[in-house]
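First, one chain by itself: the form predicted alone, in structure tokens.
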């Protein structure tokens, strides 16, 4: 009988989820057999929770959960138990990085271990500066290491702290603000808008159902812009990844005038 499960691989760590009962060891062995580089296999046993967006796992095979993940020419060290990271978003990170223009100042909110700032610095070496804000101290430790191993220390500034507090000093400082936190990111839209220069670009991520996929997100952006005495011009609306039945992670890109 074919086992039913879904999995992803971060470096040499595989992470699976399943409704199969008492089949964890067999699933882990099947994954390792098919993917020779995998050394550790974990099973998801909770959703992501808390401000650090961390989930709980069951260790099924192996023991080491720190790994190095390679993606689009970048290398990221992380421990999947201690920080948020999604390998499924690699294509989206590269697509966004390619939009950054020479001389831009970029703010990455909720920067995690640094995949957005690192790939931006790699893809656009003429960027002026990338400020990367993250509230999880362990993630910032890994971000600093990833900035070092990818040799982008001259471009990326890691900042530990709460976005709402840290970004108060950056009014109209940035050409581009990236908000890769779809579940709660809308709570920080006022802050993001204030940080943007006139005609700055906002990358806003959100979850919503197919029924009115982009309407709520667009409305949130327009409301935040109006509150700041500014206007929002929507540049693009895209599906990024499926999140659940008829629910999608989406990206709205807008110019804030």
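What you are looking at is a predicted structure, and each value in this text was computed from that prediction instead of being measured. Positions refer to the first chain, counted from 1.
Another form, the form predicted in complex with a small molecule, is not on view; read the next lines as being about it.
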>> So if I measure heavy atom distances to the small molecule in the predicted complex, which of the stretches 150-158, 77-85, 119-127, 95-103 falls within 4.5 Å?
In response: 77-85
>> Under a 4.5 angstroms heavy atom criterion, identify the one residue in 174, 110, 142, 186 near the small molecule in the predicted complex.
In response: 110
>> Is it the case that residue 52, even though its partner is missing from this view, gets within 4.5 Å of the small molecule in the predicted complex, heavy atoms only?
In response: yes
>> Is residue 131 near the small molecule? Define near as a heavy atom within 4.5 Å, in the predicted complex.
In response: no
